[in-house]
Each structure stands twice: as C-alpha cells, then as structure tokens.
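So this first bit is one chain, no partners, the form predicted alone, shown in structure tokens.
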C-alpha cells in the first residue's frame, strides 16, 4: 500500500548528526591535497617537489616517479586513467601529484609549491571539430548504438533540424571525499559514493588486495546525480596512499577540482528528421547524435533513445557517434540519454505541430505508441495517455491559443508549451536481509546508498508492507560492503531492485514465522503475531522465540532482473508557462504542471519531492546551466558555483506534480519503477516550446539565454 511518510533521516541531517565521508575523525589522520595538470595534453618533463617536501607538516609528496604501481581496474565502472603511473597528461585537472600532510592547510599550502614543467602537445577540446568519429559500444542496458527498423512511407511534410545541448556538471552539495585507513593488513574506506561495492571491486583490482580485506562504507552521500557512480582517480589515490604510508588519510576535492575529477554531462549535437502526413501521422523518424568522449575512454550519451520508443512510426532510424577530446571521461548525469535527447525529439514534435497547424498535444496523442515501435514489445503498464489528459486538465491547456505571440502581460510575452517525458527502467541485481528481534524490532540490511532520495524512509516501508507492521517498527542499515550486495544507487533503480529483494526476504520471513506459530499466515503488530488474519488469535513474540530457543529470526532475499518480454519505461507529460520580457529577453518559468506514470508509488510524499527536484533540475538545463570550454586553454572556464549557474528559488515558479497508473507487474516484485531521473526529462523542451509560443522564435540550443531571445 502507498503511504506518505516523512523522511526519517531528516532530523539527523538538519541537526548535523548525519556524518558524511569527510566528517569522521581518525587517529593520526593525515590530509591529502592534489596537484592537478594545468594543460589538457602534455608530457611531464619534470616535477620539482623540493619546496613542498620541506614545507611545514608535510609527510610525503607522491608523483609518477615514486607512487606505488597499480594494476588495471576491472569489474566496475572506472572513469579515469590510473593516477600517478606515467608522465602523460590527457586532460586539464588530471592529478599529477599528491601532498600528504598533518593538516589540510599544510597540505594545500605545500601543493601550491610543487612545480611541474610540461612539454605541451596540441589538444582538441571542441568535439564539433573532430572528423574521425567513433562508433561506440555502449553497455547492453543502454541498447545498441544504432537501430534501423521499418520502411519509411511517402510523406507530404519533412522537417530536418539540428539541436544542441551544453556540457553540464553535477555540482552536488557534498564535494567528493574519501577517508581511507590501513590497519593490520585491512583497508577501511569511508567514501562519498553511489556504490560501495563498485569502489571495493576497483580498489581490490588496482591495489592487488583480496576483496574480503577491504571494507567500504557510505552511510550518507550528499548528492551524486551520477558523479559518484563511477570510481575515479581521487578514490584510488586516497586508498593507495593509506596502504603505502599506513594509518588514515583523507582527501576532499575542492569545488574547482569537482569540475575536472569525476566526469560531466557531455554536450550533444543532434540532427533529427521527421516525415509526416498532413493528417498528422508520422511516416518516418531519423535521429543522429554526436557527443564527445575522452581520448582514453568511450562514454556515449545515448541521446536518440527517447526517439526509439516515444512515437508510433512505420520507420525509425537512430545512430550515435563519439568524438575523442582532451577532457576527463564524461559520465551519466541525472536523466542521462533521454534528458538531452528529449530536447531534440520534443522540440521537433512542436515544430511539426506548428508546421501542420495543429495542437501539439493532439499531435502526440495522434502518434501515441501502444507498443515499443523499435523492439515491437508491449510496454509494461504504460498509461501515457492518462498523463496527457490529467496534465492538460490541471494546466488548463484547452485555453491555449494556437498562434505564437498571442498573449501579453505588460512587457512580457506569455507562452504555453508541453512535452512528453520518458525514461528507461534500470534494474540491477540486489540482495537483502530482514531480521526480526524478540522485542518486535525489524532490521533491514542492504548495501545500497542514501544519496538524498529517501532510501532510509522508503525501503522500510516495503518490508513493513509485507510484514503487516507499521513502518516505524522497521529500521534500515545500508551503505556497507559488509551488508548484502546490491547494485549502485543510480539510474533510479534502488527502490525497484533493492525493494524487490527486501520484499522477497520479508516474504520468506513471514513464512518462517507462520511455520513456527503453526499458522498458514501471520502479520506482525508490535511484539505480537496475528495468526491467519484473525485478530483474536495472537501469539507473543517472546513466548514464540523462547519456545523455539531463538533470539531473532532472519531471512535473506534477492532480485535478479530477467527478460519480461516487455519494454520497460516510465512516462510523463510536462506543461510549462513562461513569461519573456520583450525588452530584455529574460525568460521566467511561471508554472510547471507534470503528471507521471511510473508504476506503484511507494511513498507519495518523497516521490513528489523527487519529481519537484527534477522539475527544478530541468529549469536549470533549459535556462541556466552550461560549462563553457576555453578551447585555447583547453579548460572549463567557470569551475565554481559563481560562474556555473544552477536554479535557485528565484528561478522557480509554481510547481504541480501528480501521478497516474498503478502497479507494474513486470518490472519487479513490488510494482514500482524508477522516478528520480524521469522528473528531469521533458522539462527543457516544454520550456523551449513555451518560449516559441510566447515569442515566435525557435531556440534549438540549450540553455536559452537572453542573447538568444533578443
């Protein structure tokens, strides 16, 4: 049953009791400061550490000349080159040395004294200038790089457009930090990560340590958005230094280093073509996307994924290409793939509606896909039509005039736009354990992370629902490689995947309790068990446990994704109202209404919070966020939150979120699908379409700035 429940971790976070990776003290703790490359492509000729080594409090300075040798990383996503292993530089900000000192101030002061001389090579940072594009090999869960299904029909209208999106950075509130301690032949790590097991796997392989000798803990992670999903060089440097020197060390990235140390969302250049009949029916779709990757790795932004599934078309062709450049490897960022891609797909649909002289919502309903148009599979519990209907009703869409520049409010031109939202359903293997103690306390154990999404609140609700007890009776232990293994907390996968494992464990536990009590079924209420749904038949836990000489009852459960024969996606519809100042070109989002179809909603309160955050994220994508590269220097221009703009309260108008649809029986055991990524999809094109409706000017490049509109 879906129940609103406030965040159980809220008081600890507000009171400052919740401890993050950099908050834990340690005996004889030493501090690390990175020295990073100031050029994007070079060979290091000399590293002078003389002054740094003699500085107050300095314990050691490690460079490629004296750092321990590392083995290749295997078994988990790794996003960088192995640090301090050679004298080559492939991107601005790459670590070239690390200073170890007794205090953070001493470490950073000494890091400024390290002198590095380079033999600079020509660098390429403009991906649009790369002519030798690479056909990528994306992970299987992202789908193939290219698809081509069906035969195009003759059409009366053809539109071909190019859309671009900007490079963006994750900018979580908590800078990445790693606290590593080597004691008695074992490595203990506290890390700001979205996946403790991936960190353990990479550290085991590069350091040559048995996995059982490494423990990684992340009880709280202060935002990740994808930046803390892969393992990056700074995590290896901290662990390597702890093993090399012994004792405990801590490495906290500066805000500037956060822009060059754990990936970014790459910009895209997308060419998309639609052919259609005058009746509004689509005859063919083509979508080709190019994005940059690192010179040493092959990340691909699968921007055409949305086009593959959103609309019924007799022919759909998509492709992806990557261009190697001298930056750190890009990485998933909240709403990867569909987020940048939907801007092109949904902007083009709006352009087609204008060309045909029809309502944009009508056009989408006209081309609604009842089955996945690329795979041919039926969708799992899809109700996008209901999203359209309910969103339009709440927004008042029927009052929208068809012609652009029809509504004014003083100096402001007012426009209404809408867009579809879609996100693939990511699922990872997961295991969990549920313990029932004699005092009625239920403890759920799973090694996933809390990254700000409400995991501490939601997963106990899943167990409580199966056990029949109040959620307050259940506590959760997470973020520890000593607990049952899960996938990383990414891709909006945790509630579905780990929740399914917890449901399985709780189901097994109730069966065990029923057998102990001699009943067919039991439900837990406080310190008693109700038997077979009869409130007059109860047994006290203390008596039952004593009868069987038990202290607690424990059950394990697991979830393994299997082929369901369905296309697994979540959907939504986003409606936007904007006001554009005709004199200054400034755009304000007055209101957003969004309705989503994502299976069972476990907790409507936290779910609404996730989608509200996604809408705000989308406002940033549409109007503010861009990481500009200086192609002469080969570096991002603004490596701080003064130059990289994110949406603040002043940028956000009225937000309304609703859900439709119910249990999805195909994706997992609990009927839920992921929602966190979905909330950031479709917002930018809805805003861009509203800007066109307000001004009559079509903007095909994000972010939309006053310069674009004047």
Partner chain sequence: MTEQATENRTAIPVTARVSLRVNGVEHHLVVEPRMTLLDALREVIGLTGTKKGCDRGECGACTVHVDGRRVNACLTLAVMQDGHDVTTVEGLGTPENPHPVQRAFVANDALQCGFCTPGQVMAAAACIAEGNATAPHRIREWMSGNLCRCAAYPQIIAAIQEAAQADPVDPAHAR
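Fair warning: this is a prediction, and the values are worked out from it, not measured in the lab. Positions refer to the first chain, counted from 1.
Separately, the form predicted together with its partner chain exists; it is not shown, and the next lines address it.
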Every residue in 19, 117 and 633 with a non-hydrogen atom within 4.5 Å of its partner chain in the predicted complex? yes
Verify the contact flag for residue 608: yes if a non-hydrogen atom of it lies within 4.5 Å of a non-hydrogen atom of its partner chain in the predicted complex, no if not. yes
Is residue 648 part of the interface with its partner chain in the predicted complex - any heavy atom within 4.5 Å? yes
Look up in the predicted complex whether residue 172 has a non-hydrogen atom within 4.5 angstroms of its partner chain, and give yes or no. yes
Check residue 31 for me: does it contact its partner chain in the predicted complex (non-hydrogen atoms, 4.5 angstroms)? yes
If contact means any heavy atom within 4.5 Å, which of 648-656, 661-669, 681-689, 59-67 contacts its partner chain in the predicted complex? 648-656
Name the single residue among 295, 125, 205, 612 that comes within 4.5 Å of its partner chain in the predicted complex, judging by heavy atoms. 612
Let me know the one among 222, 93, 280, 143 whose heavy atoms come within 4.5 Å of its partner chain in the predicted complex, would you? 222
With its partner chain taken in the predicted complex, which residues across 526-564 come within 4.5 angstroms through any non-hydrogen atom? none
